[in-house]
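The form predicted on its own is given below as one chain in structure tokens.
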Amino acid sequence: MKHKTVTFKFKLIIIILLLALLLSVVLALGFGAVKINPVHTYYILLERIFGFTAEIQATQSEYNIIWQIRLPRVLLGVFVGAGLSLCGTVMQATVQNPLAEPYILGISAGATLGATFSIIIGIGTANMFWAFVGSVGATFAVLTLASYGSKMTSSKLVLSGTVINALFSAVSNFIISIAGDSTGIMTIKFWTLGSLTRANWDNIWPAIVIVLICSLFFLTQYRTLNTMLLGEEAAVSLGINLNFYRKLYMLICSLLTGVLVAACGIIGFVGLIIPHILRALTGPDHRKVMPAALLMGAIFMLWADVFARSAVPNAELPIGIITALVGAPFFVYILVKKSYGFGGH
């Protein structure tokens, strides 16, 4: 009976999150400098996607704003939020640390350094490749530093991530300081603060495709991720090579982080907040945590973006500031909550 209750609860959570995501998309499209009635938004989407026509009083400018400007941005926000939540969920299990996520472990800073390098030397069209190179470099540096001298521990990983984050950020700032390209500097500013403003139908697809592929892959890896939470002895008894899977998962998370940073810059703490909330709702089983985290991450990012473009009249806040304002206190809470564990371990 307990199993059936848990299964029903999980299905209910997924249904609620799906409905909340669909509602959030429609509502988010209406926010901005020009407010658009949600009913108009709904029927515009029906007409453009399904060919449905209705007697509504939507103007041509509302059609253009929804379809050409806001929908690409909202779609990118959905997949960026899902991707960052996925990275946080996987990394926390992989390194067995409740504080692990791309921003805190310095991977985002590495991706930003790679993008900064490509922009300043004039190969901005390849910034996604260089962001990936930077994120992989940061991952390698963190793992090397954390394992130097003795066995790698969770505390050493977080400390190593802090060091690499500071180092790579300093190098990025140094490159910006000595660069004379004002256009490039403004582009880099976009990366360091995080924003979805540059989303359009031409540039959102790499991030969407990579997030979909990585999500499908990790949704099949829940058994291995669950085993990682049990430790080395359980893995050996089950014949699972955790060392191989740790490196594989960290590499894939580096790829995903690099693509997301190239698309919208550094947006921190999403991968920290969402997995913890979902573990409280669904338990530590990654078969349940990951799909729920994908949906809640998308919802969180949508509303963070809505707040970023609506909080200040005639201006827009960088979305990285919004997520940091929410995430930093959450980070402190996890840090001081000594009783925390992955499902009680």
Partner chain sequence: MDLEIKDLYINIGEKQIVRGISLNAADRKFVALLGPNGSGKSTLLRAVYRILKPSGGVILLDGKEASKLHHKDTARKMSVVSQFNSLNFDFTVKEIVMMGRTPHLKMLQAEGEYDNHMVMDALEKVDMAAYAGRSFSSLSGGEKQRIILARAIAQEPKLLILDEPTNHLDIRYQLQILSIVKSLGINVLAALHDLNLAAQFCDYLYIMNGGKIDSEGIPREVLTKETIKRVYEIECDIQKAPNNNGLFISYYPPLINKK
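Positions refer to the first chain, counted from 1. Everything numeric in this text was worked out from a predicted model, so none of it was measured.
Omitted from view is the form predicted in complex with the partner chain, to which the following refers.
Does the partner chain, in the predicted complex, lie within 4.5 angstroms of each residue among Asn165, Ile321 and Phe330, using heavy atoms as the measure?
Spot residues vs the partner chain: no contact at all.
Which is the contacting stretch out of 155 to 163, 76 to 84, 234 to 242, 139 to 147, given heavy atoms within 4.5 Å of the partner chain in the predicted complex?
Result for this chain: 234 to 242.
Which pick from Gln96, Ser169, Ser195, Ser118 sits with a heavy atom within 4.5 Å of the partner chain in the predicted complex?
Of Gln96, Ser169, Ser195, Ser118, the residue with a heavy atom within 4.5 Å of the partner chain in the predicted complex is Gln96.
Does the partner chain get within 4.5 angstroms of any non-hydrogen atom of Thr220 in the predicted complex?
Flag for Thr220 set to yes.
Should Gln92 be counted as a contact of the partner chain in the predicted complex, where contact means heavy atoms within 4.5 Å?
Because a heavy atom of Gln92 falls inside 4.5 Å of the partner chain in the predicted complex, the answer is yes.
With a 4.5 Å heavy atom cut-off, would you call Asp285 a contact of the partner chain in the predicted complex?
Yes - in the predicted complex, heavy atoms of Asp285 and the partner chain come within 4.5 Å of each other.
For Arg70, is any heavy atom within 4.5 Å of the partner chain in the predicted complex, or not?
No, Arg70 stays farther than 4.5 Å from the partner chain in the predicted complex.
Using a 4.5 Å cut-off on any heavy atom, which residues of 28 to 44 would contact the partner chain in the predicted complex?
Nothing in this stretch is in contact.
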